[in-house]
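Below, in structure tokens: the form predicted on its own, a single chain.
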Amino acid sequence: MSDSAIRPRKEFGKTIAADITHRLREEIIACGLAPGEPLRFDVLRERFGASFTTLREALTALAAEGLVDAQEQRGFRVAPVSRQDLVEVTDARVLIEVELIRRSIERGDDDWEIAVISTLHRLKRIEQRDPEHPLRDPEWKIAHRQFHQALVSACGSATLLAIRAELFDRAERYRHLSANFRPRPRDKAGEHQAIMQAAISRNADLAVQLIEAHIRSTSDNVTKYAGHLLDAE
């Protein structure tokens, strides 16, 4: 599986600022820090025991990723979510995923099939720990990313894979909002199984239909059950 499919990030743990960046990123993505929530230096200094300069470095890095807003004269806040962003990210993801999964089905060899099957197997094994709340498990998020990467890994374009990875990351907060607010669990395991089966059966039309429905289901859930957060800005 190509490393180019994963957006490069500063490795956390090498500096205090990088470690704080990583920890805040994970909290923002998981909605532990709510969209629009102020990020006050006094609170962050007490929590992390870091200097103003170090915290500013971390927050500036997150601002560059679109996860934090720098407000003139007002400091930093968690970047809000919006209907417009949700629609744009969803539509862009559908365009990219549809093209890349078609290419992968056309070009994928035995190794590609094995990667798709094995990554789904690992995802299902992790899911069994907490089937109703898989997003709470960091290992599930990694396995989920790896399965979706495997599906498109034979497309033959490192550039498109990098764009796809960035969009996948941008959608992560919306996946958490969907999971946190929908009233009942979603059968993501069944959706993943159906996508895998269509892909390795080389049924491109069905795989495209299923992957688009899979992506749009998250968007629909957020709009329906977390719409008040989209309107909060």
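No experiment lies behind these values; they were computed from the predicted model shown. Heads up, when I say rigid core I mean the largest set of C-alphas that superpose within 1.5 Å between the two forms. Numbering starts at 1 and runs along the sequence shown.
Quick note: we don't show the form predicted together with another copy of the chain, though the next part is all about it.
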Among 175 to 183, 198 to 206, 29 to 37, 162 to 170, the stretch whose residues bring a heavy atom within 4.5 Å of another copy of the chain in the predicted complex is 162 to 170
So in the predicted complex, does any heavy atom of residue 137 sit within 4.5 Å of another copy of the chain?
no
In the predicted complex, does residue 82 come within 4.5 Å of another copy of the chain, counting heavy atoms only? no
- Even though another copy of the chain is not shown here, does residue 193 get within 4.5 Å of it in the predicted complex, heavy atoms only? no
Item to complete: Determine whether any heavy atom of residue 124 comes within 4.5 Å of a heavy atom of another copy of the chain in the predicted complex, and answer yes or no.
Response: no
**Message:** For a quick test of understanding: in the predicted complex, does each of 23, 47 and 117 have a heavy atom within 4.5 Å of another copy of the chain?
**Reply:** no
Within 99 to 127, the residues having any heavy atom within 4.5 Å of another copy of the chain in the predicted complex are 99, 103
Kindly check if the Cα atom of residue 65 is displaced 2 angstroms or more between this form and the one not shown relative to the superposed rigid core. yes
Notebook entry, point to check: Hey, does residue 201 budge by 2 Å or more at the Cα between this form and the one not shown once the core is superposed?
Noted result: no
If you line up the core, does residue 55 shift 2 angstroms or more at its C-alpha between this form and the one not shown? yes
